[in-house]
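In structure tokens, one chain follows: the form predicted alone.
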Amino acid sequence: MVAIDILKFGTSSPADTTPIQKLIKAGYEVQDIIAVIGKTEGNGCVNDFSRTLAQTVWGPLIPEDAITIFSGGTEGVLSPHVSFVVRSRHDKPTGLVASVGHTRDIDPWELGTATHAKTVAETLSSMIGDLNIQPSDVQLVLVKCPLLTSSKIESSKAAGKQALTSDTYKSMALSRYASALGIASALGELAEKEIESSLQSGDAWSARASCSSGAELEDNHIFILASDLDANSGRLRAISKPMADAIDAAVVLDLLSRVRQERGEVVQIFAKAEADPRGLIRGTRHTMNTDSDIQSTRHARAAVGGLLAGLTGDTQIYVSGGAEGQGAPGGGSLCVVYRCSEQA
């Protein structure tokens, strides 16, 4: 079990690694890093090379057993930044524990399939067991998953296999949904035997999943954030509750009121954003899914990012687009990490 702290710093570009100096100034060492989780200012789509650039510059700087998770797209008021997840000083309990890991590489013809979902579920279940916690203790699971490119689709054909789609953008959603079902299975939100049918129906989801796809990896990077119920003196907390839709301020305010009750200060927010696939928000029509100029995920990030930034007064928040299976359709998972005051 690894007690952790979370610190975040703004970045001037996807290649900006100066936050590591700020981390050291805050009293931590490079070897304390277990994950770097960031938002980069690309388009968040298949050709978002800001994610690849960020992973390329950060990878050599962090320990070999650490992971990177970069989500592209800082539309609207969202601000590019990185969050460091670090081992606590002297392994002192903080109130939160975390674990990171990788699945095996996902072959292009496996992407979005039950094999993909079960691979995530198996790896995640093993990580939860190693943490010696219960699935109910988990507040958030972040997964960075692969997508299909033209070359991967061609390699599938050369191997005599058939990828699920030849649409590279659609592959992002397929990958996110399979990863989310894997999370749901590992957390006991979905029976393993229901994975196949859920892939067909598209109606299953996890309340604590956050999945982001990218061309910068072949495996799945997994990050688990969980409450340490034994850390009575720990000041770091995380609470989760999915948003019902992109304007669900009530859920956000509910979580923030709980933070205030504990005299807490928000450290970071992790949220998923999705344009409701039904084309409606509370009975009124939206046009995010029919805009031929801007992808719907970009609209959704801007909308949810504006809502969360306005309610928290913070623009350096992690809002990831495409919430297939990550909260109810049109909504998205939401996790608030906060630090209590000494008196709380």
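Start at 1 with the first residue shown and count on from there. What you are looking at is a predicted structure, and each value in this text was computed from that prediction instead of being measured.
The next section is about a form of this same protein that is not shown, the form predicted together with a further copy of the same chain.
K.L.:
Can you work out whether T11 and a further copy of the same chain are in contact in the predicted bound form, taking contact to mean some heavy atom pair no more than 4.5 Å apart?
P.N.:
Contact with a further copy of the same chain, yes.
K.L.:
Can you tell me whether Q200 touches a further copy of the same chain? I mean in the predicted bound form, with a 4.5 angstroms heavy atom cut-off.
P.N.:
Result no; Q200 lies far from a further copy of the same chain in the predicted bound form.
K.L.:
Taking a further copy of the same chain as it sits in the predicted bound form, is E154 near enough to touch it, meaning that at least one heavy atom pair lies within 4.5 angstroms?
P.N.:
Residue-level check for E154: yes, a contact with a further copy of the same chain.
K.L.:
Should F49 be classed as touching a further copy of the same chain in the predicted bound form when contacts are defined as heavy atoms within 4.5 Å?
P.N.:
Because a heavy atom of F49 falls inside 4.5 Å of a further copy of the same chain in the predicted bound form, the answer is yes.
K.L.:
Every residue in D32, S126 and N132 with a non-hydrogen atom within 4.5 Å of a further copy of the same chain in the predicted bound form?
P.N.:
Per the other structure, none of D32, S126 and N132 touch a further copy of the same chain.
K.L.:
Since exactly one of T74, S227, T113, S240 fits, which has a heavy atom within 4.5 Å of a further copy of the same chain in the predicted bound form?
P.N.:
Here the answer is residue option T74.
K.L.:
In the predicted bound form, which of the stretches 78-86, 178-186, 203-211, 256-264 has residues with heavy atoms within 4.5 Å of a further copy of the same chain?
P.N.:
Going by heavy atoms within 4.5 Å, the stretch is 78-86.
K.L.:
At 4.5 Å, heavy atom to heavy atom, what parts of 260-297 sit next to a further copy of the same chain in the predicted bound form? List them in sequence order, or say none.
P.N.:
Sequence-ordered list: R278, G279, I281, R282, T284, R285, H286, T287, M288, N289, T290, D291, S292, D293, I294, Q295.
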